[in-house]
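First, one chain by itself: the form predicted alone, in structure tokens.
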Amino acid sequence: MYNIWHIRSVPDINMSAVMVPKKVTRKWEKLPGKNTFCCDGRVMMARQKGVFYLTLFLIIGTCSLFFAFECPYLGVHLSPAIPVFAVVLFLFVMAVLLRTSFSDPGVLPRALPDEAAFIEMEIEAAIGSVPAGQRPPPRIRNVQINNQIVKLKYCYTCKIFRPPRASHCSICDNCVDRFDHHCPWVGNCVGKRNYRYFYLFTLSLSLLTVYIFTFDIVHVVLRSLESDFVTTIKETPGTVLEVLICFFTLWSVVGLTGFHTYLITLNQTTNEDIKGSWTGKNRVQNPYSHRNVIKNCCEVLCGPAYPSVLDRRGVMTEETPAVPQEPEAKSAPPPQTTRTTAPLIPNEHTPDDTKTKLAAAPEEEEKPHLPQDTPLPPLDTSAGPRPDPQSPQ
């Protein structure tokens, strides 16, 4: 047996969700602080780079003048080794400058929200409740280094207790391990990971400045022997410009190199020297010094190269939540009434002959069904035609 169901067709609604593909980002794109990154996070610098470009201009411009005016003359009249050594020294200066400027100075990562909350709970548990109107005590921790107590200060920006010798740079807005100073001439902080390259830069730049200045004077003297001194000055304006640049640069560069040489022999940083950390009223000795000049120099200049703790090129995956797809705006078709046959017994198919009979069923329903055995009554013709009820009598 089969039953006929009247079903009203409804337009389909697409309830499927659209999954947005995962967005892959590098960690350097989300790092806080005031730094700029290039080459997919490989290059890290401060945002203020104007003085760094001035450094490049002075070094490259002065050396270009020296190679153009002095080297051809000195290479012929004195020795061809003079321009060769100048090129080697120039390339070394540029290499250590770029290494200092483009590297991570030792930036410490900031605490995550969970870590910061845990540190706050520890501090509150250690300090206890502070009465109203009283200033809370400073957030410090004491550690022992070489039998000497060293205080670790809490950074309210990075939400961490800074390691020994670390400090927060106000220009880059980062905590830097073994912070020395922020140098605008190199466009970066100077810290644990790039201090040796900074010292090599100042040392090699001092040698290059002295080298160019010396051979500029030699060049003027040799040409003055051939002609008048005033005539020589007029014929070599590039040499005069080089002498002026080297003269005003020499004192600052050589003085800076001497100052950092003094700090290296003591295994001390510029920040510690300015604050007087080891020469204050208490006369606390430097716990990081080996009391030996050679050992201090070897530790600072020949120590191990520390890896960066930022993992700038690490991958961060962000999943975008599923967004339901709205159905397209289409004109709804008019409701249609259809007849479908459905078996009363599940999983039973309709036979073909039954389908034919059911298809002809609507036509048969429209005709009146009369029994075949009932005869029609005979017509009475004797009475004549019936009057029309609408016609007047």
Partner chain sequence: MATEFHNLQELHHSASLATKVFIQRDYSEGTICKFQTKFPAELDSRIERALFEITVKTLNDYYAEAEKIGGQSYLEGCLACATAYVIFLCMETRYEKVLKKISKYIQDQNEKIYAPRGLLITDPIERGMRVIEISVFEDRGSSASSSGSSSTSSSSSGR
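Residue numbers count along the first chain shown, from 1. As the structure is a prediction and not an experimental result, all values here were calculated from the model.
What comes next is about the form predicted together with its partner chain, which does not appear here.
Each of Tyr197, Cys298 and Pro307 comes within 4.5 Å of its partner chain in the model of the complex, counting any heavy atom.
When its partner chain is considered in the model of the complex, Cys172 lies well away from it, no heavy atom lying within 4.5 Å.
Of the heavy atoms in Cys183, none are within 4.5 Å of its partner chain in the model of the complex. In the model of the complex, at least one heavy atom of Asp114 sits within 4.5 Å of a heavy atom of its partner chain.
Its partner chain is not drawn, but in the model of the complex it has a heavy atom within 4.5 Å of Ala95. Considering its partner chain in the model of the complex, the lone stretch of 162-170, 68-76, 206-214, 236-244 in range is 162-170 [heavy atom distance within 4.5 Å]. Out of the listed residues Ala81, Ala125, Ile149, Ile140, Ala125 is the one that sits within 4.5 Å of its partner chain in the model of the complex by at least one heavy atom. A heavy atom within 4.5 Å of its partner chain in the model of the complex is found for exactly one of Leu108, Ile264, Leu256, Ala86: Leu108.
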